[in-house]
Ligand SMILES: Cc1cc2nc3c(=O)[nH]c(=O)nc-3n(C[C@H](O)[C@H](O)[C@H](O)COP(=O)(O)OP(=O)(O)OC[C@H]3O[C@@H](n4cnc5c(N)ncnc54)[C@H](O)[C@@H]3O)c2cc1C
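Shown next as structure tokens: one chain only, the form predicted alone.
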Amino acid sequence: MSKEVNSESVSLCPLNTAAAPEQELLCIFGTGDLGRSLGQRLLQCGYRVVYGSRRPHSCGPLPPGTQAVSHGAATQSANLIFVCIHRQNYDFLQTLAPQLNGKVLVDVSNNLKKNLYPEANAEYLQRLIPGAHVVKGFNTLSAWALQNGPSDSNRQVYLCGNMAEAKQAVTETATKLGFTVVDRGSLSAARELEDFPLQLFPEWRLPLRLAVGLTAAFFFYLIIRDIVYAYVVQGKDVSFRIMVSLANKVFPIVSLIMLSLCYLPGVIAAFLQLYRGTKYKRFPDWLDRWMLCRKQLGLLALAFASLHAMYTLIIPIRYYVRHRISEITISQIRENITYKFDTTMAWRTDSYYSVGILGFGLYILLGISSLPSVSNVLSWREFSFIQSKLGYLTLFFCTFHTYLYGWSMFLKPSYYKWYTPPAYMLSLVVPSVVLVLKLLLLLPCVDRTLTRIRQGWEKTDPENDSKKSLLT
């Protein structure tokens, strides 16, 4: 019986006595901030790290568990080497060329400005050491991003190189670090990758220029209408109104126009598809660029709307307002006059404020849903519902808010100073056009045709049909 048990039993041994797989050793040239942060991140992900330094005994504090040796000794110990040094210090690598043959060199360097050198840093490194396999990558990550991981930074790592096996090795390392790899092709794309960190808000340039231009134009327009007109015609100095009153007129105007400009390109694109009868023709380049910056336009519009809300809150505590209220109150007491309560005015003001609050609330919802942390947990249908349907509802409320503000002012000649319309009337042109065009697209016959086109249906072309018939 005991023999049978022994023959069928399995011998077990403690887990801690099993031979653990040897951790891969990686090398880093450079002990600066980026090199130390990269080493720390590699250690956390299970790699062994050795540093190559020109001063291995006085290179400063390194992550615990690493060591610094000479460049030659570090080269012999690893097959994958991160080159975390500046381009002007690459020359010493030529002396190590025989030892670097067949090694994978990851160039993480950047320049101070574009077109500083005639060729990309990675291409220059490949020319210095033709026997190595140079891969451009990790240059779009900062030391802070590497220390805190992809949760606090961009998750993407861009790579390019001439050898697929070398890029695959770097890809596996980046994936273990928690990043998503984007392969940009051969090493000729290194110039493009090196220009990425030098870009300063490239997608914000057009929206920012538009915002600055609209703000300056309407400030100038209102200064002429309100400040200069009062001084020339009425002999009054009301220049103090520039700081709050004029600003509180300009900010909502710019906000409403920029919000409507977020949805105008979508409407134009829809009418273009209806006119062409297909979705397979490219939009004009200007329309493509316009549609790509809609998010930035919307966020800037929200910023101006927030400024308008804050400026509105301080109106009751302004010296000018308090002085006017006390002046009117004293004059009523002296003349023993009591103004009758105006129900129509009460309805107008309450509706004006209520619609404005609703519009601003939806504004904030649009801004929150555009944050990556929020949009990543939304399905496409949910995101589209918020940004499209609720977006148009936001535009309607904000436009209606402006109409309630104007009420019947457009009928009074006194508001057309120097024969110029009030600024709020100018702000209503673009949003009103967008809303009218959107209503046309919602008509059943139009909406049905547009839906079919976006599902792949194409309108037949009589000229093409006649040509086909002649050919057959």
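Residue positions are given as counts along the sequence shown, with the first one as 1. Quick caveat: nothing in here was measured; it's all calculated off a predicted structure.
From this point on, the text means the form predicted in complex with this ligand, which you will not see here.
Within 4.5 Å of this ligand in the model of the complex, a heavy atom is found for all three of 270, 363 and 380. Among residues of the shown chain, residue 259 is one whose heavy atoms approach this ligand to within 4.5 Å in the model of the complex. In the model of the complex, none of the heavy atoms of residue 356 sits within 4.5 Å of a heavy atom of this ligand. In the model of the complex, at least one heavy atom of residue 387 sits within 4.5 Å of a heavy atom of this ligand. Of the heavy atoms in residue 370, some are within 4.5 Å of this ligand in the model of the complex. This chain is drawn without this ligand; in the model of the complex, the residue among 401, 225, 294, 87 with a heavy atom within 4.5 Å of it is 294.
Taking 302, 309, 230, 100 one by one, only a single residue has any non-hydrogen atom within 4.5 Å of this ligand in the model of the complex, and it is 302. Residue heavy atoms within 4.5 Å of this ligand in the model of the complex occur in exactly one stretch of 181 to 189, 278 to 286, 320 to 328, 241 to 249, and that stretch is 278 to 286.
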